[in-house]
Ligand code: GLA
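Below, in structure tokens: the form predicted on its own, a single chain.
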């Protein structure tokens, strides 16, 4: 996961790898002022920006051969959502906020499967912010990337860009979105995390994600921010659906804190049990899984040496993450695709090395 700046005859070329992330526990808590524990991983999005002195930015992507987009260096917010092709909208949104000093050519390559729940969009956004010259700490970068996602109509929280910018090698990142405070949680050498792709693609713009955000807002209107609420607040929610949504968020925040303690203390069986409980809550109270994802979780959990498995990311497809003893799962022998992932530095951590 490198970060390079080279000076060429016609200007400067900057290359940055924005790491993907796997959320070990704590999904659908970020937009509720809750807590989560993700880690930046060694799958990422590589962005190269060759500055040219032009007043436009041209974008190409290995994922979309034959397609290209172009937009002014200074792009108004209302022109971002109508950009064609649509995949380039996030590039224009980041540029509209980062205001790079010059135009040029952007090229994108990725080892993060799109729609997998490993946050390819946040990885792209933080890499773009870096090559466009955004300064500041991880929180500054994350806020800009979150605002860019909002400009294209995706109501994401701050967790994904914050860990992609601020993760540290060998650690997961505990995040409290109510205070935007973080702390690094060491990952024991005996903890082996494997990400398995369910094969179900999903897009936050077309999934029930926005509906869940609205349901949580309706519950919060009664009991206050769900990330700050407790089990004693649940009876005030007379609507059983809103009560289930709130119960997931409240319970998930408690599981995040317990999981961080278990991980730091090397109590991996306890950590695995919390992952299992998290997936059950996501399936039953939040209804964010699918039958295919649930079947994959059950299959992996039944294997010797696997201590806990859960959906990761926004849900409705994407990936699951398994915690196992060393060698419990061999990614090369799994079908669908799987990756053993290790925690790496985020973009700001690498820049400040």
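Residue numbers count along the first chain shown, from 1. Source: prediction; values computed, not measured.
Separately, the form predicted in complex with alpha-D-galactopyranose (GLA) exists; it is not shown, and the next lines address it.
Against alpha-D-galactopyranose (GLA) in the predicted bound form, would residue 87 count as a contact residue? Criterion: heavy atoms within 4.5 Å.
No.
Quick one: does residue 314 come within 4.5 Å of alpha-D-galactopyranose (GLA) in the predicted bound form, counting heavy atoms only?
Judged by the heavy-atom cut-off of 4.5 Å, residue 314 is in contact with alpha-D-galactopyranose (GLA) in the predicted bound form.
For residue 33, is any heavy atom within 4.5 Å of alpha-D-galactopyranose (GLA) in the predicted bound form, or not?
Taking the distances in the predicted bound form, the answer for residue 33 is no, it never comes within 4.5 Å of alpha-D-galactopyranose (GLA).
In the predicted bound form, does residue 324 have a heavy atom within 4.5 Å of alpha-D-galactopyranose (GLA)?
Residue-level check for residue 324: no, no contact with alpha-D-galactopyranose (GLA).
Contact residue in the predicted bound form, from 172, 127, 159, 93 (heavy atom within 4.5 Å of alpha-D-galactopyranose (GLA))
Checked against the cut-off, the match is 159.
What stretch, of 24-32, 57-65, 43-51, 289-297, brings heavy atoms to within 4.5 Å of alpha-D-galactopyranose (GLA) in the predicted bound form?
Residues of 24-32 come within 4.5 Å of the partner.
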